[in-house]
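For reference, the chain that follows is the form predicted on its own, supplied as structure tokens.
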């Protein structure tokens, strides 16, 4: 997104943090619809550093771009009417879907999201965090509760437990680990945004999946978000 001006249209009331929809206009006066999540609108949490959720949204996008999956809308960090926050391209969808309605038709995309959530340590993968656009492309959204150094995955995606991670995805994970170890460009982008312990834990999780190439079994009592949708 080549941004010039961010204009707010309205607040989206669903969710615990303040989220706004709006448009950004570039120098050519072309408009793009976006979702804006300001740092100032984040409610304090006992287990995540205050004021960092918008950053985690952006880092999740960077990781997805390096992996090549899953589809996460273009995300940047910038200042808006309510201060600094994440700005994400709005994906228009044809129907309101959720994990349970998508499972049978998009297993190849959903298993990627399941693996991605293990990589980024997604502590809030609800059933409604999926968007199916007008071209039947599946998108993953809401990645603010990620990258904690302690394993905190909470997800509705339990259907792929015990399945072997496809070799092509393992190759992508190996490339990601290489970039996080020796890739100066990616390291310089991510290192200032999360803590040293979170960065080390990120690499450890990827290394674990590469050496244990199966989607692990999770605890249905602890590793499930509330509410499910």
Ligand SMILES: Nc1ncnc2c1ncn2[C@@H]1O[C@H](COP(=O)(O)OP(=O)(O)O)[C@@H](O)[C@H]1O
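Nothing here was measured: the structure is a model prediction, and the numbers come from that model. Residue numbers count along the first chain shown, from 1.
Same protein, other form: the form predicted in complex with this ligand, not shown, and the subject of what follows.
If you check this ligand in the predicted bound form, you find no heavy atom from any of 123, 127 and 228 within 4.5 Å.
Here the chain stands by itself, but in the predicted bound form one stretch of 115-123, 98-106, 136-144, 149-157, 136-144, has heavy atoms within 4.5 Å of this ligand. Shown alone here, residue 210 lies farther than 4.5 Å from this ligand in the predicted bound form, counting heavy atoms only. Residue contact with this ligand in the predicted bound form: residue 35 places a heavy atom within 4.5 Å of it.
The closest heavy atom approach of residue 23 to this ligand in the predicted bound form falls outside 4.5 Å.
Taking the partner from the other structure, this ligand in the predicted bound form has no heavy atom within 4.5 Å of any heavy atom of residue 132.
Of the listed positions (111, 90, 84, 76), a single one reaches within 4.5 angstroms of this ligand by any non-hydrogen atom in the predicted bound form, namely 90.
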